[in-house]
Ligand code: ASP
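For reference, the chain that follows is the form predicted on its own, supplied as structure tokens.
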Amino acid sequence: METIVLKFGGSSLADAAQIRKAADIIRSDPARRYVVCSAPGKRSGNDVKVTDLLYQCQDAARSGGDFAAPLAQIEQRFQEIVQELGVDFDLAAEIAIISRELNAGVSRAYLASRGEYLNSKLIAAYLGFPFVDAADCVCFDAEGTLDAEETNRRLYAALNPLQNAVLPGFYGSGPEGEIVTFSRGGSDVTGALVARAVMASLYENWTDVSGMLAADPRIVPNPRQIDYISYQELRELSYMGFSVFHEDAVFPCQKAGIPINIRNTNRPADPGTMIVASLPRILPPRTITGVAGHKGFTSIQVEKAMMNSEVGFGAALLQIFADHGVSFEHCPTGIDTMSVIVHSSLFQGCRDAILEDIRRKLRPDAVIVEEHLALVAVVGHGMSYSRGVAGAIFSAIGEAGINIRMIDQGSSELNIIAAVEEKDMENAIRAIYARLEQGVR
């Protein structure tokens, strides 16, 4: 029998009507056995996510204020769901526990996890499925890093005996049993971990869009939908700003060879986007998969005559950044120049110390710092065997009156990245997308 793991995002579980839609999807196929749930999201544009209300509770408690108002909002949200679904669920007891923990000074991670915890327990009761707490299965070490292998072992042990189960996403526990959370959107990661543990045939990620688009629709009007995308392409685009799917959720499924299907809870008949190891050969040729951009980068360009003959220069330069806890994103080089592209937020706090170390240890001819940069990435396996793509990209940017500050291409020819000023990022994406969609696919 096939096994499908489903993860539903916050918008898909925002109220009773949305939960009914999710339940219909689950019940429509007996292979849909294990369900990972997010906390209730926004019901409308002016609404507040339950997780954000929980943060408001903690902020009030820590400042000595009264958290009763946001906690009452949370209770009302869940009470409406309980009543509309007709679920036998002791919500008052759960809210009392949260109130008691707030008074005791509970951790921010614990409190943030309660939205997923309550929603999953409620949905498990509605479906008649067993509830499995992620705190018992998803393991982090003392540094807050996921222990993937122990997690895999525990999830398998907990889920293998069960025909069906509901689990909360977003969190797990540390060595002392303390709650540890992923970054926002981390329920995607939980779903992927569950899929790997049960060796699912498919991981369905249900959200409020019918798949991934080739560009951000807030920047490019009506971009085409992506029917198939590889794990590698998704990682590149997610890193550069595609927000439909958490980039770290790729790894567990990629390791196990499990395809991922991005689906729309409100349009369940839509096929969505398939994320796979390699693109099916029956698909028509396609040069690019998507265009994305991300702001907030700084370039540190180091110039020194005969740099190429100085053994260990590059390693020494990167070690300076490592010594200050700053990882590099890209590192384009020339014979006498080497640039290090870093996140501005990481660089600013130790800017002067890093620059001083570079001058003292490497004695460069010049060090040039350029801030307020954005990286624009064009991603697609087809670029490796299509002529003229790079030329089309750079001419489109130039014709739009945009100055390119840096160019970088990976050795796999999967992507081409150009650095531009932050103010030019949106125009660069529009220009590139329009040019490539006209001529190559």
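Numbering starts at 1 and runs along the sequence shown. This is a predicted model, so every value here is computed, not measured.
One more form of this protein should be noted, the form predicted together with the named molecule, which is absent from this view; the next part is about it.
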query: is_contact(F170, the named molecule) in the model of the complex, heavy atom dist at most 4.5 Å; finding: yes
query: Proximity of N415 to the named molecule in the model of the complex, heavy atoms at 4.5 Å; finding: no
query: The named molecule contact at G211 in the model of the complex, heavy atom, 4.5 Å; finding: no
query: Contact test in the model of the complex: G185 vs the named molecule, heavy atoms, 4.5 Å; finding: yes
query: The unique member of C57, V376, V379, A39 whose heavy atoms fall within 4.5 Å of the named molecule in the model of the complex; finding: A39
query: Segment that reaches the named molecule in the model of the complex - one of 45-53, 66-74, 27-35, 396-404, heavy atoms within 4.5 Å; finding: 45-53
query: Those residues of 111-138 which, in the model of the complex, come within 4.5 Å of the named molecule by heavy atom; finding: E116
